[in-house]
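Form predicted alone, single chain, as structure tokens, below.
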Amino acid sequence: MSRFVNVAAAQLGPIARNETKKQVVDRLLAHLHQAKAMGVELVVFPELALTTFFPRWYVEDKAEFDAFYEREMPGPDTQILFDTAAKLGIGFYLGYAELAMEGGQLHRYNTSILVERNGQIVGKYRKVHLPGHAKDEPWRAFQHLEKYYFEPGDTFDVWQAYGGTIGMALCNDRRWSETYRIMGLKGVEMVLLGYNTPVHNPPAPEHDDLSMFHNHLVMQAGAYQNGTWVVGVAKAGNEEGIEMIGGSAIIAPSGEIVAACSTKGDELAIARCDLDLCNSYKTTTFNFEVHRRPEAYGLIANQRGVVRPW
């Protein structure tokens, strides 16, 4: 018997810097209610879905931006999301900025959580591949200071939820093949992935016209090469003067886009995802046990940068 999960890619339009979390949460709640009315079981929100993309600004004292972070989840501003999910019997993936007290020290992460249909958190992920830069670079049209405002996570994991094996990633993670392969080796059947991606890339403006092509390219390749569904969801549109790509999509294990958003605003793209469709790829072309040769891949785990062999 096939295992179907009705999934919604819950794209958000821009969030203004002065927009309150209550205003944003109201938009998320609207997505939950609309998705439920259409038979959805799992709603996937973007990266940093509760705030504007604040790493585009530099402040010398990071504490000035503490209001953009969550110290607990659920918290005062977000409890209603969990309560509503439980009441509706619908779950969600949510990206947010996390302030965590660990070992007596305050840590900052770009985080996502997976919430089941009973409103309970079943998994947490912290972004591994932080893009951008760690120091003030005022020459840029806008900054991308994720390395300044966040610490990197250190693992890709999967969780048993929604009748299958679910993994999580965030934004720049989607560009790295290792992201999907690590979860693929853990049997992942659906990767949930929120992003905030500007059209313009200050260090490489020649890539600007290819931003949407690259966005879909890497997610489709990751889906196909690991026999998994991928749900990529954007915060899109003109946010504080910066144009962000949309292109939210639900991608099948074949690599095909089966549902997509067509605007850069608040929008749902919905698909009925058969998790058993993964088996056709996991047991044939990408049967890892039969075809992988990890003895030839040592450099992937042991070497970071390029070292030419001559």
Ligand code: CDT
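What you are looking at is a predicted structure, and each value in this text was computed from that prediction instead of being measured. Just count from 1 along the sequence shown to find any residue number.
Quick note: we don't show the form predicted together with the ligand, though the next part is all about it.
A.B. asks: Just to confirm the contact call: exactly one of 88 to 96, 72 to 80, 180 to 188, 167 to 175 touches the ligand in the predicted bound form at a 4.5 Å heavy atom cutoff, so which is it?
C.D. replies: One stretch meets the cut-off, namely 167 to 175.
A.B. asks: Contact between residue 84 and the ligand in the predicted bound form at 4.5 Å, heavy atoms?
C.D. replies: No - in the predicted bound form, heavy atoms of residue 84 and the ligand never come within 4.5 Å of each other.
A.B. asks: Using a 4.5 angstroms cut-off on non-hydrogen atoms, would residue 226 count as touching the ligand in the predicted bound form?
C.D. replies: Result no; residue 226 lies far from the ligand in the predicted bound form.
A.B. asks: Is it the case that residue 47, even though its partner is missing from this view, gets within 4.5 Å of the ligand in the predicted bound form, heavy atoms only?
C.D. replies: Yes, residue 47 is a contact residue.
A.B. asks: Contact between residue 237 and the ligand in the predicted bound form at 4.5 Å, heavy atoms?
C.D. replies: No - in the predicted bound form, heavy atoms of residue 237 and the ligand never come within 4.5 Å of each other.
A.B. asks: Answer with one of 108, 144, 126, 216: the residue that has a non-hydrogen atom within 4.5 Å of the ligand in the predicted bound form.
C.D. replies: That would be 144.
A.B. asks: Pick out the residues of 189 to 221 whose heavy atoms come within 4.5 Å of the ligand in the predicted bound form.
C.D. replies: Residues within 4.5 Å: 196, 197, 198, 201.
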